[in-house]
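One chain follows as structure tokens, the form predicted alone.
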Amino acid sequence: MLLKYFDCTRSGPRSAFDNDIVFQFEIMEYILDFAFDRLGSDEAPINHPILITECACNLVHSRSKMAELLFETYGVPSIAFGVDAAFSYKYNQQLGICDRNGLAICSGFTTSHVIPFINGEPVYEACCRTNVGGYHVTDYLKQLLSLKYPHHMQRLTWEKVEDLKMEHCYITLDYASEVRLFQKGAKEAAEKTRCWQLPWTPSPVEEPPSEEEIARKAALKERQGQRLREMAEAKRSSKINELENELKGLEFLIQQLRHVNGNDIPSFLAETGYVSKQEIESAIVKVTQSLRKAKGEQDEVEEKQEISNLEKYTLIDIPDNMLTPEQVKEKKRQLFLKTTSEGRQRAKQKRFEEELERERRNKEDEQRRLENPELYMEQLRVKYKDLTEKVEQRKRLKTNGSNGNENLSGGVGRGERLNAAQKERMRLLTTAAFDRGKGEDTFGIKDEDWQLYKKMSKDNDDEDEGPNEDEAELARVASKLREIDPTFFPKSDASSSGTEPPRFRPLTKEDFQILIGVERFRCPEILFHPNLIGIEQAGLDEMAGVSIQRLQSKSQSLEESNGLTNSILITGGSCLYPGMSERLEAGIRMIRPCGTPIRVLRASDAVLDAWLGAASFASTMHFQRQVFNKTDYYEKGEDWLRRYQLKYSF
């Protein structure tokens, strides 16, 4: 049955009330069904008189619709309407807490009322109302905490914020001084701040391994390395044996080939799978090279191979006029092979020298790092900064060109957008067009024309795009900094603004804490200053003064008006905050004449006193004379219902 109270289209509960006035009677019918079912009166006619509480000065339309619902739907015999704050005041009067003349200040869920009592009866003409209550305090606290801790909004449910409000909020005697106290961050402010610790699981801390664990891992690593070395040695020995057996077989085949007659050689080679003797010798050379490489004799093989290659270049030093045409072709081939081989040797020697230079620099860097680590790190950072600026400057020059071209028009011309290679090509084209454009076109006759053509070729644009020494050095310095400085973050190409990426830290216990400081008294303050949340209405203390002034305008005596402040009863769930009595007394004292007796009293049970007072009133015979039945309702009409008021004194 409770599912009837939820609207699936809104995904939330619907309320039958709007500022304590019933306006959704379909939902009110569901609520009454549930209430009568829990009371055991599930039959169609409810043969029992009903006493219903309402707010002060309730609308006659709402009262009429409620009476019609109870008479027509549930068939109740009689009804009586009473004000909840009046029942609470009368109940506390019976307990001897308050006097017959006084004020009832009731702050509920969505509204707050001030009702004066004269001779035990409420004077509704002088009552006062404000549409601010506990709902607004909870909503304001929820908004403040959500803005303060946006990452924990899922934890800040309505029920939890309600609990925080009732547990930690209080009303201060002087709001401005309390705010200044928290602004200064004094010790008293820290003592008044409350902390709500959310569930948090600390991240596991890796304990450093013990010496025994380190020794065990080192021994295990050594055993694994030894096993791998043994496997590699066994594989190498097996490969050497295979190559030696293959080499012996090829050498034996060559020896047999020497004893074979010339006519039988093709048939003999066909049985062995080789085509010619040269193929067998080539196979022997390859197997020998593989065998020497497996045994670690690669350098000797290369030296012998280079010597053998030099022996092949026999025609290089012989003039062409002394050679036949076939020998001239062979000479050109040998020249090409020699040039290629020398180029490979130079490249190899250059790589070897670069490797030696790299090792030397690494040794020097390591020595400087060991001598003074802080100075070494600082030097690396300065070097990294300089190289970064140089590389970025080079990239800017590639994109925009040099700053030597002055554009008098103030805009960016084509020369400023071209890189250096493109600008040089444009200059050469312009020069060639100017020099060669007169008379006969003779471009290409001279050799230097082709050099100019190569310079003008667009393929040369990629020369500047190759690897740069500064970029290589920048990468080396960045890798060094990453090794020795864990807080170093290299600048990416995308972020050229110079801002370092955010450094993430592990979450701690403090990240899962919600501190409630100034919110403790700032939220309940809206009961006295509703303009803090945009409601331009009077607060509780001002409402009490307005109610007393209305009594005086109704020709009440001054003594009776002053006697009201001697018995001020605060009731309702929103009057349970600590400091409410003192704040009300101080506020009312400021608007009343000097010497007026002021006494603020707290209800015995601010939440249930209204129900207890109504139950006590319904159990008396006086209640039976205050009800009206269905016949009275339809005969007398809404005008009589508008003037209907319950008499609380008996």
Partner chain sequence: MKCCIKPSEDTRFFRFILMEQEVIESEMILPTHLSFKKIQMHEKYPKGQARGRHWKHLKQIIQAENYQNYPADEPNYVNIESPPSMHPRKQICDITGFEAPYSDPRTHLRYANTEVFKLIRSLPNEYVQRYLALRNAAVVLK
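Take the two forms, find the largest set of C-alpha atoms that superpose within 1.5 Å, and that set is the rigid core. As the structure is a computational prediction, the values presented were derived from the model and not from experiment. Numbering follows the first chain given and starts at 1.
Quick note: we don't show the form predicted together with its partner chain, though the next part is all about it.
Chemist: Could you spot which one of 274, 196, 71, 109 gets a heavy atom to within 4.5 Å of its partner chain in the predicted complex?
Modeler: None of the others qualify; the residue that does is 71.
Chemist: Give me the residue from 349, 372, 339, 531 that has a heavy atom within 4.5 Å of its partner chain in the predicted complex.
Modeler: Looking at 349, 372, 339, 531 one by one, just 531 meets the 4.5 Å heavy-atom criterion.
Chemist: Against its partner chain in the predicted complex, would residue 604 count as a contact residue? Criterion: heavy atoms within 4.5 Å.
Modeler: Judged by the heavy-atom cut-off of 4.5 Å, residue 604 is well away from its partner chain in the predicted complex.
Chemist: Though only this chain appears here, would residue 629 touch its partner chain in the predicted complex if you measure heavy atom gaps against 4.5 Å?
Modeler: Judged by the heavy-atom cut-off of 4.5 Å, residue 629 is well away from its partner chain in the predicted complex.
Chemist: So, residue 100 and its partner chain: in the predicted complex, are they within 4.5 Å at any heavy atom pair?
Modeler: Answer no; every heavy atom of residue 100 is more than 4.5 Å from its partner chain in the predicted complex.
Chemist: Taking 4.5 angstroms as the cut-off for heavy atoms, does residue 525 touch its partner chain in the predicted complex?
Modeler: Judged by the heavy-atom cut-off of 4.5 Å, residue 525 is in contact with its partner chain in the predicted complex.
Chemist: In terms of non-hydrogen atoms within 4.5 angstroms, which of the given stretches 248-256, 541-549, 158-166, 77-85 touches its partner chain in the predicted complex?
Modeler: Contact criterion met by 541-549 only.
Chemist: Quick one: name the residues from 161-180 with any non-hydrogen atom within 4.5 angstroms of its partner chain in the predicted complex.
Modeler: Result: 175, 176, 179.
Chemist: Kindly check if the Cα atom of residue 389 is displaced 2 angstroms or more between the shown form and the other one relative to the superposed rigid core.
Modeler: Comparing the forms between the shown form and the other one, which are aligned on their rigid core, residue 389 does shift its C-alpha by 2 Å or more.
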